[in-house]
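Only one chain is given next, in structure tokens, and it is the form predicted on its own.
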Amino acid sequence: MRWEADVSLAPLTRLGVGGPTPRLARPDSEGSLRAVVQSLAGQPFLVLGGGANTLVSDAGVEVPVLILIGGFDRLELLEGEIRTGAATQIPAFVNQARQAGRDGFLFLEAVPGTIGGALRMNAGSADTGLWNRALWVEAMTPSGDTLRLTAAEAKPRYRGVDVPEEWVFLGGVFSAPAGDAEAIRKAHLERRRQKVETQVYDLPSCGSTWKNPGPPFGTAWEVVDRVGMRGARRGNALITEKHANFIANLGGARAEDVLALMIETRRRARDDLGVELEPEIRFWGFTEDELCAVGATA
């Protein structure tokens, strides 16, 4: 497996900001991935999927980054199930399910990223995540061992799972029973229409910035709006007017701009409303002080 040196991560994320990684590998099979993780001999590394919920520091990261390709991008329709690899794009997965009349994936309509990232983040709606559909999922440990996990073992929660960060998701099998194909098609198209109308797809963004704090504070976008941060801009980073829980890159934005908007939003939410906003996105390469300022953990 060939390592690429000093690779910029910005073009590999949906927001399009951030510095480099010292080394990047693109394993295309379980064998090549095993060789990579074993060669690291327990040293830390990061795995990047579609970069949909990831903010990379302008300084980049100090550890190697892995991106799964090739054989990890696979999708197979089975009776009552869908088997897929970690590199499969979520839209491709959902499109296959919709076209085949498979029920149960409406919550993933118009969600970006890869299946591997979706498993790590338990991507989905406020009520349903990908792990709700998982029959079993495979992951590789740093020693190169492959393990099979169920949802009961992974303990999924809102935007996370209790699976070690150093374990690499390989793919899985998901419950996909046949349903009313026309009803499924209509429901998916309507959900896509609603999301395109209300969320930000025409500019690079990380998706939802903050987790919904819940009662009595309402949704995250309502909190951002109430503290006067809708439309706020720092450099070429913008809290969008269309949806106040999205920060967009207008072109050439820096991670420090995004972080500054988040810090100010969180400060106002705490001081004005007494709510401690918690970020939904993942942070790579930031200092402990920076993470603390936005309510994230190392």
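Numbering starts at 1 and runs along the sequence shown. Remember, it's a predicted structure, so these values are computed and weren't measured experimentally.
Beyond what is shown, the protein has a form predicted in complex with a small molecule; the following relates to that form.
A.B. asks: To verify the annotation, which of these, W131, W167, F93, W221, has a non-hydrogen atom within 4.5 Å of the small molecule in the predicted bound form?
C.D. replies: Checking each option against the small molecule in the predicted bound form, the one that comes within 4.5 Å is W167.
A.B. asks: So if I measure heavy atom distances to the small molecule in the predicted bound form, which of the stretches 224 to 232, 159 to 167, 181 to 189, 141 to 149 falls within 4.5 Å?
C.D. replies: Answer to the contact question: 159 to 167.
A.B. asks: Any of the heavy atoms of Y201 lying within 4.5 Å of the small molecule in the predicted bound form?
C.D. replies: Y201 belongs to the contact set for the small molecule.
A.B. asks: Report whether the minimum heavy atom distance between S205 and the small molecule in the predicted bound form is within 4.5 Å.
C.D. replies: Judged by the heavy-atom cut-off of 4.5 Å, S205 is in contact with the small molecule in the predicted bound form.
A.B. asks: Closest heavy atom of P27 to the small molecule in the predicted bound form, within 4.5 Å or not?
C.D. replies: Judged by the heavy-atom cut-off of 4.5 Å, P27 is well away from the small molecule in the predicted bound form.
A.B. asks: Any of the heavy atoms of L77 lying within 4.5 Å of the small molecule in the predicted bound form?
C.D. replies: Heavy-atom contact with the small molecule at 4.5 Å: absent for L77.
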